[in-house]
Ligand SMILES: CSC[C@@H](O)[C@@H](O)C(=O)COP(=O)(O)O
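Before any questions on how it binds or moves, here is one chain, the form predicted alone, in C-alpha cells.
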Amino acid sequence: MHHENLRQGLALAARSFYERGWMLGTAGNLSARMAEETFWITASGRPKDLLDTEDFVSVNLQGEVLLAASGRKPSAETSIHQVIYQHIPEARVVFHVHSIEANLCGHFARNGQLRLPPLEMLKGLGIPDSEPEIDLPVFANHQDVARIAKEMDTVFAQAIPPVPGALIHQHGVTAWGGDLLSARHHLELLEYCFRYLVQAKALAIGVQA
C-alpha cells in the first residue's frame, strides 16, 4: 500500500476506534510497517478522531525519527511497537487502544496470564481447537514505557504469544496483524473476549471467582 494511503487507513481505523470509546481523548496509538526496518506511528498527543496524514511519524526499529511534520513527535509508546515488529516479522500493523473492558480484564489475570474464554471467536485469532485453553500475556504497567517494552521483549524472546495480542494491566490492549484489516479483526475479537469475561464475571457464569 502507498505510504499516504497507509496513513489514511490508520487514520480511518483511529476514527472508528474513537467512536467505539476505545481511543478517547488522545489515548492509544497505531502503527504500520513501511519496510522491514521502518514504520509509521501516530504522533504524540493527537486526538484520534481528527488524525490526518501529517499526524504520523516515520521511525526505524531503533526508535529514531526519520520523517515528521513540524511539531510532531512519535507516540510515547513507540518502544512497544518496536518490540512487536522486531519479534514478529509477519506483523505489519499494530493497534493499541484503551477500552474499559480490557482494563477490567487485567484484574482477572493470574501470574501474568489472562485465560481467554474458549469461544468460537478464537478461531479468528488462529486457534482452531474446540474449547481451547489459551492465555493472553498481561504485563505490568509502568510510568516508564521503556520498562514495559523491555519486559515484553524478554517474554517475546522466549515465546511469541499464542494469539496476536497482549494486555497491559490498567492500561490497554495491543493487537497486531498482517495488514490493516487483519489487525482490526484481531483487536475486535480480543475486545469481544474481554466483554464476554466482564459479563461472565458479573453473572458468575463459567469463570473462576
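Here the structure is a predicted model, which is why all the values come from computation and not from measurement. One rule holds for the numbers: they count along the sequence shown, beginning at 1.
Beyond the structure shown, there is the form predicted together with the named molecule, which is absent from this document and is the topic of what follows.
Placing the named molecule onto this chain by superimposing the site C-alphas, using its pose in the model of the complex, gives no ligand atom within 2.4 angstroms of backbone or C-beta atoms, which makes the site open.
Mapping the unseen interface onto this chain, A27 counts among the residues with a heavy atom inside 4.5 Å of the named molecule in the model of the complex. Although the partner is absent here, G45 is a contact residue: one of its heavy atoms lies within 4.5 angstroms of the named molecule in the model of the complex. In the model of the complex, A76 approaches the named molecule with a heavy atom inside 4.5 Å. Among heavy atoms of H98, some come within 4.5 Å of the named molecule in the model of the complex.
Partner contacts here mean any heavy atom within 4.5 Å of the named molecule in the model of the complex, and among 129 to 137, 99 to 107, 116 to 124, 76 to 84 they occur only in 76 to 84. In the model of the complex, the named molecule lies within 4.5 angstroms of a heavy atom of only one residue of 161 to 185, namely H171.
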